[in-house]
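Given next are two forms of a protein chain, the same chain in both, each as structure tokens and marked structure 1 or structure 2.
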Structure 1
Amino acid sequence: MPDSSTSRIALPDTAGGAALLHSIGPMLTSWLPRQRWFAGKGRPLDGLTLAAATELLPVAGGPAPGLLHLLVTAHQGRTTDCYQLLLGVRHVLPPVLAPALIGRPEEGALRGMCVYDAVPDPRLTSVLLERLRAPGRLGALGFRREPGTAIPSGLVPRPLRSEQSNSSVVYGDTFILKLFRRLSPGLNPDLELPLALARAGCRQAPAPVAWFEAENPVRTDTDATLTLGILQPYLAGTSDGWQLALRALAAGREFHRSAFELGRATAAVHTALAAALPTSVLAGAELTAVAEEMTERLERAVEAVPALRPYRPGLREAFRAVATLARTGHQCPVQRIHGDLHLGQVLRTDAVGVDAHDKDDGGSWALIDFEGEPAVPIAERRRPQPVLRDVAGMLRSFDYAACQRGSGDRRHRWAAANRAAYCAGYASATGADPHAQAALLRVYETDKAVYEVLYEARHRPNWLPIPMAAIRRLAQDPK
């Protein structure tokens, strides 16, 4: 994101927004770092500046709630990150919304009122759906709808509890609206890729129906847009691959037919993306640059997570396999990929219902969350990459599930069987077996494990032993 001096723009003429900035800055400064989606955990938050404010519902004096949309820039040392906040304002907060309270300003126009996170408030999230039904501009925001789609009125909203990097609202089991929290300038691949897949007739990803965006306060040719939210069909009654894998492990059930079908679904998405969007080939210096980037990422991770230090030489050595490939004239095809593929990003869509999904009979799968790794700048996430990167992500995920729920030797056998089945499924759909490129696959698995160490250290320190076990294995035997 831009630095603070350039990210300040003239505020739209919303008295509510300006008053909020003045009166709730301190309470936001304490609330923001406690949110799961706050990316700057572990570093002091020096302050906030307002990049844009839009009144979606007027903040009036009566009992009706107001709704403010804010883009705020968080300053942490030399780093700045832009976040999307949806704030409700009410005189009295119903008890059910008490956990969403951010604070009560002691001064300014909002003095004594309750300012709260609007995502759990159905009265306010229904306003967003209404805006998406009627595309157009409102203040800093632009609402758009895919031609030929319809959004019925009156769908009842509920927040999705399993909040991860962003916040989502489900409307009447018909649609899900994903609200991006930390914003990166540029068209978000979570919109770009599912739109391209839908327009190409690929059914392995839910097709975006509508979305909203803002102009990037610091506009460049490629970064003109900030994607703020995406509405897509809600695949009700589905189960995600992570839950199904854990349940299979706990019950001692096979999962390899499911893993095989997952490989096929991944391959179908890759094939459609390669046909719809630009592809290229990496060789020579460009391929060497991949190893350099991975090594830089490792160095940053080692700095942040000292437990990685003993494995640094082995991991650096592992990345050198790419340089060897480059020297021997290897040509590596690259294309747009999912970018953060794991078992939590796949939904089993056939034979609705958990009981049916607990059978290891393959099933049909949809991929979701094409955002890529949220910590990486969007421009980087939109670069074409080897498909092996996605494959490696899913292979790591089988390992994660086995470490989380499995025990002893059975855990290793379970992970190995499903890793093999996934690759076999992938190969059956494309004719290209990921194992045929074992060296590069291992490099991508290593890079992913380094990313996971950093992710877990920041967000779920109790889970750190899982990627650390992989790091020990990959660093000790880089061949």
Structure 2
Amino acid sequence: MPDSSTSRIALPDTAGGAALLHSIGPMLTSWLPRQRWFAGKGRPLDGLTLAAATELLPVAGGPAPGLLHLLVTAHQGRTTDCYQLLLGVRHVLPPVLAPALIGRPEEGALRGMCVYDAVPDPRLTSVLLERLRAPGRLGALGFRREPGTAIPSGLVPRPLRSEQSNSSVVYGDTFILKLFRRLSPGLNPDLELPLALARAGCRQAPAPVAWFEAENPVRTDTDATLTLGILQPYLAGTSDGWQLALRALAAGREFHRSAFELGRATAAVHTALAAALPTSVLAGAELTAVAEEMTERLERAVEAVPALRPYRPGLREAFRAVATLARTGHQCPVQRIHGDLHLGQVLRTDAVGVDAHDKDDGGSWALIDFEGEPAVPIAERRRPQPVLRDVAGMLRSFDYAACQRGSGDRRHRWAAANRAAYCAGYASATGADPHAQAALLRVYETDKAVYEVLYEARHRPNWLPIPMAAIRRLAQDPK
């Protein structure tokens, strides 16, 4: 591999960088908006600028592929987003990689060559693993490895097909590399929080083994880096909580013990994060501001989804309860949390054996994907929050699962029983029952349900009745 002194693709402030973008820019302008992880769908792409370019494998004249790493800024009106691209370059593209083709430049140094998304190419994703095995800098990129970890060579890579806001590559059922596509300045919580948990001895989250990053082109004191990718252990043979819950519902099996143990695992993560990272309290004006932010989100949702209008008074009353707590001197502890917790963000490591014997013995739960909501700036995702926000997210997830299987009273009983078991498990580990803070728990459930209504109305109208059922319940007077 070339070192930074022999990189063939010049950085964007040079003529070479400008020539590169001029050559491949038209192809990228057409290809980017079609990717699932592109955030600006539905809005015209006005143009691209190149923030950084690094040649990970030289683009040569022979049959061997080249590998380019680009940081590209997409401009859409007043909105700009930075994206990470891994581009393969070949004279001839093998048929198996044909779906990854981006195009063939008509001019420039890459004229006539096949430029394609490199993630499906095992020959090129092997290069990333080798770079992570030997930490150091290459061009704009910095590769780092956690002390005391080992990364074997020769692990065969394969991309995961279920892509959303990121891309993932599994190496030999040993490691998984998450590649962030849309980048936000600052340390990504999906690296920061699992590192803190691992160093605190918490085993309920996979520990980062290695990662790579780049300097933020628009650098400030608080967001000097861009987290590009994280290598973690791959938990082979696991099932996520969503699939396990659906299978339990379909088979008529109980899920109470699993929900109880999941509550304990959540509590263990919260306890470790509170010990490892700074904590604070919300009180007075800050607590009032939380209620005002939630009320503003409700009003925007009501404008977009008229079905919410009959429930607006009851929902607003829930948020006013928080303002009342603030006036009476209530203090709400806040700390770092998962930020987007639901059944799809937890894995049970002994799920195969449990399913085979049709048992519900709780198992061993691990929390994953600490990134938070990708559409929210990292600075906001890193703000300390009440743990009840995570608890509320999981409670809403039990409601969602119940609505996928079963009907009527059975569905409601299943959801209620598992919501109660989850909170009981949490209380058994911390001594603090989430239900003891009923007003705050209701507020965070309400805020989550309002978000769900807006999301489902825009993306999955057939699912809208699920959060609307929660809205009807939450809008009622809790007394």
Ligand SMILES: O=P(O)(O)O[C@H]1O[C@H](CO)[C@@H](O[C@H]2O[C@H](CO)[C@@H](O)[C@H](O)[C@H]2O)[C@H](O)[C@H]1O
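Values in this document were obtained by computation on a predicted structure and should not be read as measured data. Each residue is numbered by where it sits in the sequence of structure 1, with counting from 1. For the two forms, the rigid core is made up of the largest set of C-alpha atoms that agree within 1.5 Å on superposition.
**Student:** The form predicted on its own: is that structure 1, or is it structure 2?
**Tutor:** Pick structure 2 here.
**Student:** With both forms fitted on the core, check whether the Cα of Ala321 differs by 2 Å or more between structure 1 and structure 2.
**Tutor:** Shift of 2 Å or more: yes.
**Student:** By the 2 angstroms cut-off, has the C-alpha of Pro310 moved between structure 1 and structure 2 once the rigid core is superposed?
**Tutor:** The answer is yes; the displacement is at least 2 Å.
**Student:** Determine whether the C-alpha of Leu454 shifts by 2 Å or more between structure 1 and structure 2 once the rigid core is superposed.
**Tutor:** Indeed, Leu454 is displaced by 2 Å or more.
**Student:** Just grab the Cα shift of Ala470 between structure 1 and structure 2 for me, core aligned, in angstrom.
**Tutor:** With the cores aligned, its C-alpha sits 3.2 Å away.
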